[in-house]
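Quick heads-up: it's one chain on its own, the form predicted alone, in structure tokens.
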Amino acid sequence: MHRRTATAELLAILTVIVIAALIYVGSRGLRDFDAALIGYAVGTTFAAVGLVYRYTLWIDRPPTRRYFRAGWRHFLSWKNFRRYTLLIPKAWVTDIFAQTFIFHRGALRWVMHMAIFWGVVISLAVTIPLSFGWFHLTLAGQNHYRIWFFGVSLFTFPLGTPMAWSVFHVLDYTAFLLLLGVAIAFWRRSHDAGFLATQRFGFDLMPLILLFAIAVTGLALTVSSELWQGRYYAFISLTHEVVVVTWLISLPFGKFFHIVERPATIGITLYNTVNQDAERSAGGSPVAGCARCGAELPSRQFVRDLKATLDDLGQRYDIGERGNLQDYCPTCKRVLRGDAYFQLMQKRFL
């Protein structure tokens, strides 16, 4: 455990150094760094350090370590690269960007995830470069603005055009996306019996409340500048900054950490595909079958690795003549558990 935490701490320190160096270089020696955004920069750095620290500990756990290494081993194989060239890009599109697996569970649920996911991702893609001084805009003449990134001029665009309005209000678009997703999430969590029974305020509801507050205060900044002649702008901007920084600080330790964990499933997709194809080419069944009902399980290698991981953790699931619990599908595991309860309790079971 000491080795694991020492590695995580070292990587966290390196993260701070790298971010500080990138801020200095990207802002041209802090000349393009906006001191008014320093709160966002500090909050983002803290979030990055927390994410690296927790992700390192997560990766080093026996279950994730085994599959993480196997996924990278298959990914770095030249043979696999030639054979599965499009597998990883396709998985990124379907599993990360489009999240089609959620659509199969319900269209409304998919819309909710898409709105929150893209609202958060686009907001961060705009806010982080701005707060680090990597990205800024300057006047180019009297009627044009120039966009700079890392001190390099990208392009100019005329003022008073739809494009100019969209550039200046891109965070308003993401705020409306967030409000849509958060509204659906609150509706589901107030009507679904399963959520009502299991949800926790700090873990499940507080992140949504923070996103709602971020979207509302962000839109209030636009309302203040466009409709209220700047009244209350200082108070609203400070409130918005406090809420955003609070969300950033909570990111490594809350529900939204799964956004960082999710890309690791791409390696599992490659891992399963390679193993299934290898077993198929060897003349065997491409997947393992449940020992009770014959339902498909993941690849046989996956089942073997799962047993080895549980063995590393000191957990034994041998069930005598019936073999090992990991040889059964989830449904049959529940049947076996119910049967075991019945054998133990007999007539008192009911």
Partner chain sequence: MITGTMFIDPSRCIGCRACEAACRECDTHKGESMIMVDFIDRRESVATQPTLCMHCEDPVAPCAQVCPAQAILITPEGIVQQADPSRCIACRNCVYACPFGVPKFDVEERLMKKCNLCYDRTVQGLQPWCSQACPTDALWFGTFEQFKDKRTGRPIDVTGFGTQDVQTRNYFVLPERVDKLDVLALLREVGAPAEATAVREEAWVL
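Residue numbers count along the first chain shown, from 1. In this text, the rigid core denotes the largest set of C-alpha atoms whose superposition between the two forms falls within 1.5 Å. In this text, all values refer to a predicted model and were calculated from it rather than measured experimentally.
Beyond the structure shown, there is the form predicted in complex with the partner chain, which is absent from this document and is the topic of what follows.
Q: Under a 4.5 angstroms heavy atom criterion, identify the one residue in Val16, Leu10, Leu22, Val335 near the partner chain in the predicted complex.
A: Spelling it out, the residue with a heavy atom inside the cut-off is Val335.
Q: Which of 222-230, 259-267, 174-182, 139-147 has heavy atoms within 4.5 Å of the partner chain in the predicted complex?
A: In short, 259-267.
Q: Can you tell me if Tyr53 lies within 4.5 angstroms of the partner chain in the predicted complex, counting non-hydrogen atoms only?
A: Answer no; every heavy atom of Tyr53 is more than 4.5 Å from the partner chain in the predicted complex.
Q: May I ask you to state whether Lys90 is within 4.5 Å of the partner chain in the predicted complex, using heavy atom distances?
A: Flag for Lys90 set to no.
Q: Heavy atoms within 4.5 Å of the partner chain in the predicted complex: does Arg83 have any?
A: No - in the predicted complex, heavy atoms of Arg83 and the partner chain never come within 4.5 Å of each other.
Q: Is Ser190 close enough to the partner chain in the predicted complex to count, meaning some heavy atom within 4.5 Å?
A: Flag for Ser190 set to no.
Q: Can you tell me which bits of 194-211 touch the partner chain in the predicted complex, meaning any heavy atom within 4.5 Å?
A: Read in sequence order, the residues that approach the partner chain (within 4.5 Å, in the predicted complex) are Gly194, Ala197, Thr198, Arg200, Phe203.
Q: On a rigid core superposition, would Arg61 pass a 2 Å threshold for CA movement between the shown form and the other one?
A: Where the cores coincide, Arg61 shows only a C-alpha shift between the shown form and the other one that is less than 2 Å.
Q: Fitting the rigid core first, would the Cα of Gly323 be found 2 Å or more away between the shown form and the other one?
A: Yes, the C-alpha position differs by at least 2 Å between the shown form and the other one.
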